[in-house]
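Single chain ahead, by itself, as structure tokens, in the form predicted on its own.
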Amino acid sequence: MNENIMDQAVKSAFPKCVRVDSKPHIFCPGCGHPEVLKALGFAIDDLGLQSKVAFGVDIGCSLLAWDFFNLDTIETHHGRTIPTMVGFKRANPAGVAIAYVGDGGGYAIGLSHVINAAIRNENILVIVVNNAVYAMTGGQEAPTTLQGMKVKTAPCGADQYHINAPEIIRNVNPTAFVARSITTIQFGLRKMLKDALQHQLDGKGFAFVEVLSQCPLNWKTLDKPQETFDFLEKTLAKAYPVKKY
């Protein structure tokens, strides 16, 4: 294969808004974040939004998305990405605001920002990646860790509490776009994100998509791909139903 054909093949495998020169990405092997971002990139391409998007990334693994796209990008900490993107949208109503956070930043210290943005029906898209652990800091118990799941800070198994954010958001905002998707259904994830972006373009207010994602490093399944996807699709997706709410 000559160099030009190889170059075209590489470009066609990525959304146009992806920054190819920053690849390979810097996420861990097998991480689900790149799959979420790839689906988001195709959704942005489908709607022709590259020049309008402001992409906010939070602390934690979501931070590693800072150079994934050729998009105007900003990084903040601990869920503050959400009010930051609210500010951007209010200052620039023609822009498209996307806040990209993990389940630690979104559902622990940053939960109030998610809830208040939903109650006020802020016209932004919030994407929360749920891998059931605090991943970047070593796999500690997160608000999404399932009961009995053994993690670094709960070696005998996590307690019974875990948060169901889409259900909460639906209760505080009856008109918001609220959905949960999963990395292993790429076409469905891409469509879900595209519909959520269209909700913002139509001026309908708050859009929220939680994405179930694998973390082989902290799930201790790096060399066991079948176990990784069994846990994602059979255990996590059973506790967190994938659907539009």
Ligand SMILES: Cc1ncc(C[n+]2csc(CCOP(=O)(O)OP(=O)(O)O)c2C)c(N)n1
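Position 1 is the first residue in the sequence shown; the rest follow in order. Bear in mind the structure is a predicted one, so any value in this text is a computation, not a measurement.
What comes next is about the form predicted in complex with this ligand, which does not appear here.
Asks: Is there a heavy atom of I127 lying 4.5 Å or less from a heavy atom of this ligand in the model of the complex?
Replies: No, I127 is distant from the partner.
Asks: I182: heavy atom within 4.5 Å of this ligand in the model of the complex?
Replies: Although this ligand is absent here, I182 would stay clear of it in the model of the complex, with no heavy atoms inside 4.5 Å.
Asks: Under a 4.5 Å heavy atom criterion, is V151 part of the interface with this ligand in the model of the complex?
Replies: Result no; V151 lies far from this ligand in the model of the complex.
Asks: Does H33 reach this ligand in the model of the complex if we count a contact as any heavy atom within 4.5 Å?
Replies: Within the cut-off, so yes.
Asks: Looking at 166-174, 91-99, 104-112, 119-127, which stretch has residues with any non-hydrogen atom within 4.5 Å of this ligand in the model of the complex?
Replies: It is the stretch 104-112.
Asks: Let me know which residues along 117-131 have a heavy atom within 4.5 Å of this ligand in the model of the complex, or say none if there are none.
Replies: The stretch 117-131, when checked against this ligand in the model of the complex, contributes only N131 at the 4.5 Å heavy-atom cut-off.
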